[in-house]
Every structure is written in C-alpha cells, then in structure tokens.
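One chain is shown next in structure tokens, namely the form predicted alone.
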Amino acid sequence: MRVLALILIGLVSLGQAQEVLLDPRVFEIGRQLRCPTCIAETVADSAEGISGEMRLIIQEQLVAGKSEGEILAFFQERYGDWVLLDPPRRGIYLLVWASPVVVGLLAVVLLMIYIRRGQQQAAAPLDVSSDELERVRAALRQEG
C-alpha cells in the first residue's frame, strides 16, 4: 500500500515538475484559451488533464518556432471559435460584439424621446374656458 502511495506521489510530482519547466509564454497563450472540460477556466489556470496536455502542445509548438497567432489558430481549428476567450469579430460573434453598442444607442434615443415628450406636455397650455378659470379664482380667494 505504501509503495502504491509513493508511486502516486512520484507521478504527481513528475507532472508538477513538467509544469514548472514550461516556458512562461505557455501560460500567456493558455490564458487566451478556454479549457474544453472546465466551466469558466482558462487552459493556464485549469488543473484538468486536457488543459495540461494543451499546455504541453503549446510548449512543443513554441519550441518548433510557431507564433502565438499560429498556436491559437491551431486550437481554434480543432475546437472551433468557442475555445478562444476573445472570439473573432465575424459572423454571429460580430452580433455579440456590436449588441452592447446598439442597445446603448437605442437606450439613449428612447430616453431623449421620453424627456422631449415630458417637456412638451409640461409646456403645453391648458385649454380652459373663461368660466372655469373664474370658478378656480373664486375658489382660491375663498381659501385664502
């Protein structure tokens, strides 16, 4: 039993030793990629096995002289646009990027229309007859 525990500890230490030897750029690139099996974690931050494998692939590609863009394109080709934390500004993603601006502009326009209508209604004179006006004046004199 102790031998099995020592083997497991050794394997975990070996995996951690590999992580320590990775180029810091691996983690910079990994922060731009979403972990395929995690929820809201990057490849750089995830402890999942798939993320460790992806970090090793990034390291291998850096050693082979690939650029950051080429490495990101490699993963994008295999996992789709979803794997990128900063999705491309095309297709449906363009709608995602543009929608906050469109909603903000629409809100400003609607607010301006609402304010103008309120000002016009407040500034519009009331159409009352002279009899009604005299009755209101009489009521005010009685109270005062």
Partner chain sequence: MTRLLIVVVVTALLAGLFWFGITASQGRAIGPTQLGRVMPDFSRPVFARYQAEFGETLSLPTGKPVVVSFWASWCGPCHAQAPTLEAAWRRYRDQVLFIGVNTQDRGNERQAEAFLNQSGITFPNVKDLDNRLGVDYGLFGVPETFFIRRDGTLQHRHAGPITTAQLSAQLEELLQ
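Treat the numbers as computed from the prediction; the structure is a model and nothing was measured. Residue numbers count along the first chain shown, from 1.
Just so you know, the form predicted in complex with its partner chain exists too; it's not on screen, but the next bit is about it.
Q: Please check if Glu77 has a heavy atom lying within 4.5 Å of any heavy atom of its partner chain in the predicted complex.
A: Answer yes; at least one heavy atom of Glu77 falls within 4.5 Å of its partner chain in the predicted complex.
Q: Residue-level question: is Glu68 within 4.5 Å of its partner chain in the predicted complex, judged on heavy atoms?
A: The answer is no: Glu68 has no heavy atom within 4.5 Å of its partner chain.
Q: How about Leu62: is it within 4.5 Å of its partner chain in the predicted complex, going by heavy atoms?
A: Outside the cut-off, so no.
Q: Residue by residue through 46 to 62, tell me which have a non-hydrogen atom within 4.5 angstroms of its partner chain in the predicted complex.
A: Those in contact are Ile50, Glu53, Leu56, Ile57, Glu60.
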